[in-house]
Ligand SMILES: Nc1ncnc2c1ncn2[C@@H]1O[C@H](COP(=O)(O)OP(=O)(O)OP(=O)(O)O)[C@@H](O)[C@H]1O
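Coming up is one lone chain in structure tokens, specifically the form predicted on its own.
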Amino acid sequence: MKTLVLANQKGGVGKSAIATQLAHYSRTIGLRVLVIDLDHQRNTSRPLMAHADVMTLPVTSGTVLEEDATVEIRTTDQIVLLAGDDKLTALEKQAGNHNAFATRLRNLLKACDQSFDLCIIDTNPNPDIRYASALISADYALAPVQLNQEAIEGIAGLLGHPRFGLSKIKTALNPKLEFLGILPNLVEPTPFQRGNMITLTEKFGTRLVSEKRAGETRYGFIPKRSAIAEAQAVGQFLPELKKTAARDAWNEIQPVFDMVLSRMGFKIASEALN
């Protein structure tokens, strides 16, 4: 099982929509998917729980981190969800138990290793023990960002925070952690955002999600589309919405997801969704 953490120390960047839609897509291409929601706002849990092809575990992520809870997972072709809960907000205040929280998450991932191909972990925007525990045990990290100046300036903290920066965690705690890159999300075709994309590319070009095609670098980004928000609101996989706008949005998003999954070593054979 490969573990991907969606990480950003700023809220409102659309991590939950990416986590949800990527989980559905991964399932459709034949991957066995586990989703862990470590955000007490549960913006990933709610849309997944509304879908018929998702099995929600009877325990929550806060319970698993705080207690020695038993998690029984049977083999299934459904997405399996470990939902978030309100207990997550209290974990940071229990400094004496931080090592235990991180160990319990790691043990859960080890226990699930043979049952799944991909684990997607959605994290809270505030850097704390939940955020750190996920990155300490992950194989990959992906950082969705919005194209505004505040978000661009915050990337330095995401990468170089003295305690929770990706570079610090990789060096000190998890040498296998690979940063897949910065993924611009909710992108609009405005001069302002185009200018910020240029700035982002100039400052962090080598850190952006990208691929080489015909000798040229192609940067991945996810556009802002109302169909994505609608799919999240009704708990659906975007292609399941029988609307032209949903189909058009998916045609823009799928190549980006293919880029991410390919970087993780998964073989993509998804022509049926095009």
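Because the structure is a prediction, the values reported are computed rather than measured. In case it trips you up, residue 1 is the first one in the sequence shown, and so on.
Absent from the display: the form predicted in complex with the named molecule. The rest refers to it.
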property: The named molecule: the contacting residue among 222, 241, 57, 208 in the model of the complex [heavy atom, 4.5 Å]; result: 222
property: Segment assignment from 49-57, 228-236, 65-73, 23-31: heavy atom within 4.5 Å of the named molecule in the model of the complex; result: 228-236
property: Residue 16: touches the named molecule in the model of the complex, heavy atom cutoff 4.5 angstroms; result: yes
property: Partner contact for residue 11 in the model of the complex: the named molecule, 4.5 angstroms, heavy atom; result: yes
property: Contact of residue 217 with the named molecule in the model of the complex (heavy atom, 4.5 Å); result: no
property: Contact label in the model of the complex: residue 136 to the named molecule, heavy atom within 4.5 Å; result: no
property: Sequence-ordered residues of 189-215 touching the named molecule in the model of the complex, heavy atom within 4.5 Å; result: none
